[in-house]
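Next up: just one chain, as structure tokens, the form predicted on its own.
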Amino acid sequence: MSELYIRVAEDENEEPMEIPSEDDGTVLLSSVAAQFPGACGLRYRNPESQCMRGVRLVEGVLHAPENDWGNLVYVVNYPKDNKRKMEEIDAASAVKIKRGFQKTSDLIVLGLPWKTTEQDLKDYFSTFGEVIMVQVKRDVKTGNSKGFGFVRFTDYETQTKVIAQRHMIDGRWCDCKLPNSKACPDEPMRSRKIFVGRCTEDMTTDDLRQYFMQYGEVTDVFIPKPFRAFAFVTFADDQVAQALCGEDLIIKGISVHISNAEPKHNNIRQLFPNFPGGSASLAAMFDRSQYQFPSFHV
């Protein structure tokens, strides 16, 4: 009998693949398994009864039904446990492939001690994984640290692990996180100012300046008068400001909330329902054209 090919698919609805037969018209199970790893047999749908039938398998050799393979599409059989395991392996591989395409980003490290150097940062973060880059931000004129820096890792999983915890660096707890521009690419950073809510009257501009200097260089602090339980802090670096947004911090024993210094007007009434003059006056105060932050307020 001349060589022929039978049509084999992993599922009835999938496009079949042609598998070669032997000289005697049989098909080796090994030929099927070479294209469908883990295969243990074949089945087909009977044209008359529409029921699935198994193909006879003897010592690794598949025999044609009634000695004729015909134009049917034969479906691969898998052991149930092996099929489940293969599906799990495929799913795990897909996750690994997906993760492999996720690129790492520069992470901002907040609250660095003034004495911390690039080598100190590299030595510390190398314990988590391979480090591509470290940088301590410094004042151009003095060369002194600004209290924050950046780190980047080779592996995305390492980056995820580092972000998920706080870090004790040179005796101080530091936070390592994605700058808001990376975490929310649709909302680019626009301001170096932060809004400090839930302030108390005993908090002075000096108190706020001293506290926020641990995160980076502070260029301006403003507390409105009359007192309205909030303040504004401006940093030299916008990445520091944006990285702090959304945080709850403890200042003089009081929990304050940090948010963007320019809330949308349609959210102001919700944030300050009892503000004198209503949302319109507060909106005007937040508007860039009407509300400035001169340095003499400090």
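No experiment lies behind these values; they were computed from the predicted model shown. Heads up: residue numbers just count along the shown sequence, starting at 1.
Beyond the structure shown, there is the form predicted together with the DNA, which is absent from this document and is the topic of what follows.
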| item | value |
| --- | --- |
| Partner-facing stretch of 62-70, 46-54, 30-38, 252-260, counted where any non-hydrogen atom is within 4.5 angstroms of the DNA in the predicted bound form | 252-260 |
| Partner contact for L110 in the predicted bound form: the DNA, 4.5 angstroms, heavy atom | yes |
| Contact of A236 with the DNA in the predicted bound form (heavy atom, 4.5 Å) | no |
| Contact of F195 with the DNA in the predicted bound form (heavy atom, 4.5 Å) | yes |
| A229: touches the DNA in the predicted bound form, heavy atom cutoff 4.5 angstroms | yes |
| Proximity to the DNA in the predicted bound form, single hit among Y156, Y78, F150, F128 (heavy atom within 4.5 Å) | F150 |
| Contact residue in the predicted bound form, chosen from K122, R172, R209, K161 - any heavy atom within 4.5 Å of the DNA | R172 |
